[in-house]
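Before any questions on how it binds or moves, here is one chain, the form predicted on its own, in structure tokens.
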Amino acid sequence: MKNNIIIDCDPGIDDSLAIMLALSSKEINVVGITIVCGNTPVQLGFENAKKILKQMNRLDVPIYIGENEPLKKTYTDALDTHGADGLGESFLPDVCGYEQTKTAIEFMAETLKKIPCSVIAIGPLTNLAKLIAYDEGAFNQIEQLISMGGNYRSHGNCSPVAEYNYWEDPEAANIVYEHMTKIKKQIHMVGLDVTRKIVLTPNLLAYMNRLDANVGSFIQKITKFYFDFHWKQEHLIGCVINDPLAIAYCIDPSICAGFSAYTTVETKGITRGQTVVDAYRFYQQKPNAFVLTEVDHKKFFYLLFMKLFHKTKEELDILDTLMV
């Protein structure tokens, strides 16, 4: 049976790869995509989502526009990382139409009360915090909440201690985590401790082009800027693709391992956006998060290649030699 999911995102290069993976996986039924401001302003994120759906021949999937600013702080995009168009300055043709009459929050509230559904949030948690305020009962119906965000022992990527999605709207992240405490559930935190190990390298990209020139060239087009950014910033030959790991974890949780802990998000000062993971139970609070700390990156890339290129593991005969 397929797992119904809503993808809450801010496309974004790696968001786009995550959407591609989700739409290529028979285990997942994407019932809708909701857009939040983050990597890109919300309207640009909407336009980018349409471009990805067109590439995947899946314009049947509805897209809903969500919040265009964080709850309290001034909005700061990440176009320096993702390019002026949010898709690596590939400047793909616009896709007209497909505007919805409902907002992202209205769509989530209606859908979550109607069908069993999980949410994979790969952007700031602003839409979800707004959903709690709008219809707490609907939020409580989320079967599984997976969030690409936060960090435990890894350093941050937009401050010494904070990951971008939570740094961008720490109040929203804190509301969601504290609400999970209230309803005695756990958010699955796919943070930088595991996503930093998911590096798309030139060799892997070249193999993608060999397997399918259409898919491979599209990925190459949207990731070139990302490759250049990572080299300038980190002297990394390749690019970290955070968001697809959240989708892969939904498909196959055995890719990652972690532990349960009470977790909160700092909202003030120089540590704004930091996830404080109480691994040693100082606060004596029940866990509200399952914090991922380990990932089998080879298992991830096999899954990614098998889904995107519709290959068996045996057919990907050289993939293992391309991963370090």
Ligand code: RIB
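Sequential numbering from 1, following the sequence displayed. Since the model is a prediction, treat every value here as computed from it, not as a measurement.
What comes next is about the form predicted together with this ligand, which does not appear here.
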Between 247, 222, 128, 122, only one gets a heavy atom within 4.5 angstroms of this ligand in the predicted complex; which residue is that? 122
Which residue, 87, 148, 176, 239, has a heavy atom that falls within 4.5 Å of this ligand in the predicted complex? 148
Quick one: is residue 186 in contact with this ligand in the predicted complex, heavy atoms, 4.5 Å cut-off? no
Answer with yes or no whether residue 111 is in contact with this ligand in the predicted complex, where contact means some heavy atom within 4.5 Å. no
Can any non-hydrogen atom of residue 152 be found within 4.5 angstroms of this ligand in the predicted complex? no
Considering only heavy atoms, tell me if residue 169 and this ligand come within 4.5 Å of each other in the predicted complex. no
One stretch from 94 to 102, 155 to 163, 202 to 210, 177 to 185 that, in the predicted complex, holds residues within 4.5 Å of this ligand by heavy atom: 155 to 163
Residue by residue through 53 to 85, which ones have a non-hydrogen atom no more than 4.5 angstroms from this ligand in the predicted complex? 82
